[in-house]
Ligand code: HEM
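Next comes just one chain, in structure tokens: the form predicted on its own.
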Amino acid sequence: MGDRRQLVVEQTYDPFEAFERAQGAGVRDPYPEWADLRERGPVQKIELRKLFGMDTMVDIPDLPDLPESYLVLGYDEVAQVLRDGQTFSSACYSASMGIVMGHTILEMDEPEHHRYRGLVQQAFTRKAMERWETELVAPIVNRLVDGFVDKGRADLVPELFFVFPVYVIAALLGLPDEDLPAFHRLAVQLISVAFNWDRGVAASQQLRDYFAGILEERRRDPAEDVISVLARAELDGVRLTDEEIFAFLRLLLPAGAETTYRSSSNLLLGLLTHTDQLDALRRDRALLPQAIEEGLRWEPPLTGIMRLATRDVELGGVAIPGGSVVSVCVGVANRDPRRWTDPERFDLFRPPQPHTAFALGPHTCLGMHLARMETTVALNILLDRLPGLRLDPEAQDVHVRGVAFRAPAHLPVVFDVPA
């Protein structure tokens, strides 16, 4: 324990509120504007700073002239971009998230991406997932539900969904509970680098030093956690360097916890505002997998993914010059009327079709099985332990908000408490 650095954060600064504001939390629904753009054509040239609320952000130091930028809005065109890693490179993230996270899977192209993914996915085996479900996720969710189950009401965003995925990630890494609040704050400051450069860079260094102490502990005394698995992972004689491990760990919390809290909240709001579907799910839990997929299609937690065109290419009838930024809007692609009937409507009974919420192709989300499992556990526990679960009738205007990242700020519910 002597090697571990303590995490220190500034308590007067609220990184969560700042991040929400910068990501367009004041925008209730960007989908009508995106749909109007898509009606003009599935690929649109657009000013880069207007993408996903970027025009609200301050300048990054030494930012060069911005390249041409294109917004991809149709499902088929989004799928083409995400599946063609040679033409549409992920390396564009090196100039943004790469600065604070390090060289991560997020910015890698083939063949490097394939090698790295083969190493890190050793920590996410089916056997590990089954153990995490019963030993980690269910106890964490039950412990949080214990805090409000006797009250007959709760706000499920701050009291459950916002926090439980953080506890899960921390448990997977073997972090002590006392470090969680600071860990969560630093992780959000890290991904806030686009609008607060100094805080993002400082958070990156602090997390690196923190993980360095833990990694040294795990090399001396391995445990049954993700850091220990990464420390000994090997593929064809190649092992992860310490810096590669630090980069992955800095990516894991914002990639895992941020998105899972949002997708779970969005799904439950969809169910609570479509009570016939919630009742059907109560009667038949076998509907839960398709409910989860519909929630991801209807309101994915992250609406956009960036790529860089490596060559001149035509997409959706539009000529895109090499060197252009190509931003795929997975949110509106999931509502493409060429693919889904009445796509704006939440409907867990619609025929299943692949969506783009977890991306497609080589960069399909590494943690998608973990996210689905966490949401399954949370929803089952809520339905088991909160009979008559429904939106608080006194709550006003509960809705999903945001542009780049979307989720409700609050989810006030009431439920029956046994006499």
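Predicted model, so just to flag it, every value in this text is computed and none were measured. Residue numbers run from 1 along the displayed sequence.
Same protein, other form: the form predicted together with the ligand, not shown, and the subject of what follows.
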query = Is residue 324 one of the residues lying within 4.5 Å of the ligand in the model of the complex, judged by heavy atom distances?
reply = no
query = Does the 4.5 Å heavy atom contact test between residue 256 and the ligand in the model of the complex come out positive?
reply = yes
key: the ligand contact in the model of the complex: residue 354, any heavy atom under 4.5 Å   = no
message = Since only the chain is shown here, I'm wondering whether residue 161 would be in contact with the ligand in the model of the complex (any heavy atom pair within 4.5 Å).
response = no
ask   = Considering the ligand in the model of the complex, which of 200, 270, 301, 316 comes within 4.5 Å of it through any heavy atom?
value = 301
inquiry  = Within 4.5 Å, heavy atoms only, which of 335, 307, 208, 218 is in contact with the ligand in the model of the complex?
reply    = 307
query = Hey, with the ligand in the model of the complex, do 67, 77 and 81 all fall inside the 4.5 Å heavy atom range?
reply = no
remark   = Among 233-241, 101-109, 282-290, 338-346, the stretch whose residues bring a heavy atom within 4.5 Å of the ligand in the model of the complex is 101-109
ask   = Which residues from 359-388 come close to the ligand in the model of the complex, meaning a heavy atom within 4.5 Å?
value = 359, 362, 363, 364, 365, 366, 367, 370, 371, 374
